[in-house]
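The chain below stands alone and is given in structure tokens; this is the form predicted alone.
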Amino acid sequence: MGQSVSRSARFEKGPEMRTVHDTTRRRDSEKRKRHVVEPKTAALVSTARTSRLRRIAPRAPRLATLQHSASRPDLDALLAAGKHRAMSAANVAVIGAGISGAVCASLLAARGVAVTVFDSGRGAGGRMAQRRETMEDGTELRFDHGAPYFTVSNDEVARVLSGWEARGIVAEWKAMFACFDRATGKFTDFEKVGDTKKYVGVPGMNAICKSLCLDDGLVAKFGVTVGKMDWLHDRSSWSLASLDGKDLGYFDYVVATDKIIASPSFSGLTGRPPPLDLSSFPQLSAMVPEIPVRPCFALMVAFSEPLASVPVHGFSFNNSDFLSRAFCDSSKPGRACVPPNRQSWVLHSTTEYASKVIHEIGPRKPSADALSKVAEELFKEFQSTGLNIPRPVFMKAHRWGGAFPAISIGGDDKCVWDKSTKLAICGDFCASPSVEGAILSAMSGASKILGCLNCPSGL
């Protein structure tokens, strides 16, 4: 497990603040610096809140002095900003820096809430991760070995997507897709470019999560696995500790985006009890059942030249016991790091194949030998398609033990929300097994917390 990395905490100005006088901006900037704090003991948090309220309250009358130098919208913005700054006394922990965690954290931080994100990985992304590999000749390869792309049909998510496009972290992947019938050896059901818009992160799928985790007012800590969550009734807050027993602080709200946060599966992976003990929360037990998952292996391959016999940049397999999908990773926008004379692909196994392998080798992290065997088996299937697939210059397999949730537990809310303990559980397993489902769940979780803070979410 890597070392914990802490980004500098910054505060993001909401849209309404951008029209305020420059002098007001500088004064408010100084106030913001005092509001983003690292989690400390409950006593210090209480003292900090009292101190904030004392500083904020006397300043309200001073708004009247700006009436002759600021327009009415500016005054409204200042009043709203004062409300947002008072809200920053709320301290939220987000567990997981995948798309659900990153989106939820970003939405909360944008409205003045102090947010700390914890993730056990080396960086943000989750199943929207990008893998870096270096060949023997020093060439660096990158693979979107998780979610290859995403589509959007919901209007609210479309508005969020527009903002990401404006930030330059998302672009449309204008590629042709089809199906490949393993039995006949032919491509069928060609899909015209643009029929269903496909979006990717730029320069990698993890770019979205990475960018959101750098938003002002948000602290992201990687290489930190939350190993224990204790609800303190007398303080009405959560105490978190890492898997190695390190105190992570006290938080008013917690957003959990890991589907095994209360599952025995956590024990299978770590040898420790799950962080959230549902026996202490009978009201949650019924809302958070064991979530069955569909595992998957990803095969990352690079070729010295393009696959001339493959007429599309993405396709699904019919009648294959080993492979389900294949994507030309190097054809995505912004992948300039790939040499022009090489081509990289990511292939996904079938759920049945992955389940069989995991049953044989167990739930723990696979050994290098086990992954090498998987890579050879999947590539052999790719070669046997009759598509004249040459031997790759690079090949490696990765296991996604819980790639796709088999059920949705969020209902109409698209998240699990327990107001009594101020706990939100979000993820694609709460809405639908897709990137869009994960985003919708994150938006719902953020809305629940903002509602408790009497702040319109505006999502």
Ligand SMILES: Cc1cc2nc3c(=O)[nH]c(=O)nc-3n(C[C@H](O)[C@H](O)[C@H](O)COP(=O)(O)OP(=O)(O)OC[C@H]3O[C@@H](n4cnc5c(N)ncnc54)[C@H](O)[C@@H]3O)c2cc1C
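Quick note: we count residues from 1 along the sequence shown, nothing fancier. The model shown is predicted, which means the values in this text are computed figures rather than measured ones.
Here the subject shifts to the form predicted in complex with the ligand, a form of this protein not shown in this document.
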query: Segment that reaches the ligand in the model of the complex - one of 224-232, 355-363, 302-310, 369-377, heavy atoms within 4.5 Å; finding: 224-232
query: Residue 105 within 4.5 Å of the ligand in the model of the complex, heavy atoms; finding: no
query: The ligand contact at residue 210 in the model of the complex, heavy atom, 4.5 Å; finding: no
query: Interface membership of residue 121, the ligand in the model of the complex, 4.5 Å heavy atom rule; finding: yes
query: Touches the ligand in the model of the complex: residue 296 (any heavy atom, 4.5 Å); finding: yes
query: The ligand: the contacting residue among 90, 147, 219, 169 in the model of the complex [heavy atom, 4.5 Å]; finding: 147
query: In the model of the complex, the one of 323, 260, 202, 157 near the ligand [non-hydrogen atom within 4.5 angstroms]; finding: 260
query: All of 96, 434 and 438 with a heavy atom within 4.5 Å of the ligand in the model of the complex; finding: yes
query: Contacts with the ligand in the model of the complex - residues in 265-302 whose heavy atoms fall within 4.5 Å; finding: 266, 275, 296
